[in-house]
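The form predicted alone is given below as one chain in structure tokens.
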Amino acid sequence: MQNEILPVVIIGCGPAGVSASIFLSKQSIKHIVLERQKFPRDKICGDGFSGKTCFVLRKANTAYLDEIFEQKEDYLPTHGIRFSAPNSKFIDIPFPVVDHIKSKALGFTAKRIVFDDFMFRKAKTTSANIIENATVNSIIKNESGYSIHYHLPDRKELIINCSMIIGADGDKGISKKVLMKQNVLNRSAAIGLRAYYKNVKPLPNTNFIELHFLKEVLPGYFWIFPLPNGDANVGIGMDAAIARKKKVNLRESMLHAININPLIKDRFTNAVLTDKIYGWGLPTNDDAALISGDNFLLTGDAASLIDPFTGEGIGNALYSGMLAAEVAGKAIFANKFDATFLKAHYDDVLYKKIGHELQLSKTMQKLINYPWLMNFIINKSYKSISLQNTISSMFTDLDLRAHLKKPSFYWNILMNK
């Protein structure tokens, strides 16, 4: 490997990296994936998989979703969302029925240890060489691209030369730090806690995910995502800067809401916490920051693509990995790996697709600071079909931006249409 120059090396085999690998293999592009851990491995997450996830899975292989929905012990289809305001009013919004998907749900929930392992196994092809337990020590620019120095347990340093790197190792990984020349890692824009509970009383509307803007957790949000076998992923998210400024103890805020909030407390009467409460950073991006350069592309959390409002990042990770593989194919065919070419085909295309969503979500995140405004939105949602569709589209629709460009959209909300 020290003498050979590979077309692509992917660093990281989470959703973004595995998506890139699968779509590179579909083009028969040989590549190596360097993964720091060994599968199956857990990842702290909300465990919600949106319509973007299903969109990418259908693009990868139509059989993937068939397999997922057949494994009822591991995957739970989701059919809608409950959205509640600080005044305890709520609205249940079913996800739309899409003809070409037929009876399949537009989203699902599953523990990340299950889903990530499923995708990891799908990435094992003749075009992909996945190396687990690989710790990347350094990334060094050279004339042909990059030299990647890494080691395996109890082995000396190894070197791979490649024309292009796809960075998919998260916001604290070496890809973002070295390739973006960030000597000091930025703090995550948001933080979250995840807890697994058993026997949380389910909603009458079967398999709805829930986002609650409870007064006890403001300016954050509280979620309940039902899982198979009577489990639930329960958590809280908040803007990191606000949490630090106000010295908010997220764990205490979450447990306090569970114990006293009238909207949810009765549902936790028989609930049992089955694991530790874990925290993690949520790298968000709403300002179209640069995510590529000479001979590299950043994807998923390494590109800070988590939605600022919903906290959902898996769909954007998978989508960015798919696009990165497509762009890598174009770069290899044209023998162009310069920053200008990659930005035009990757950054600009990706932000055209999801940029308006990220901007809207950032705006809605700020609304959490104004409880009366959140109450107003929920009250409006009862009457405004446009607003209901918008909330639903945040989890199911890749083309939400098309609605946001129309003045009639905002008029319909004000006129309760």
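Counting begins at 1, following the sequence as shown. In this text the structure is predicted, and so the values were computed from the model without any measurement.
The form predicted in complex with a small molecule is left out here; the points below concern that form.
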Exercise for the section: Tell me whether C54, P308 and K353, taken together, all sit within 4.5 Å of the small molecule in the predicted complex, counting heavy atoms only. Expected result: no
Practice task
May I ask you to state whether A63 is within 4.5 Å of the small molecule in the predicted complex, using heavy atom distances?
Solution key: no
Practice task
Spell out, yes or no, whether the shortest heavy atom distance between I11 and the small molecule in the predicted complex is within 4.5 Å.
Solution key: yes
Practice task
Tell me, yes or no, whether V349 is in contact with the small molecule in the predicted complex, where a contact means a heavy atom of each within 4.5 Å.
Solution key: no
Exercise for the section: Considering only heavy atoms, tell me if A16 and the small molecule come within 4.5 Å of each other in the predicted complex. Expected result: yes
Handout entry: Interface segment, criterion being heavy atoms within 4.5 Å of the small molecule in the predicted complex, picked from 65 to 73, 355 to 363, 23 to 31, 44 to 52
Key = 44 to 52
Completion exercise
The listed residue (F120, W223, Y319, F83) that reaches within 4.5 Å of the small molecule in the predicted complex by any heavy atom is W223
Exercise for the section: Quick one: from T135, N207, N129, N87, grab the residue that has a heavy atom within 4.5 Å of the small molecule in the predicted complex. Expected result: T135
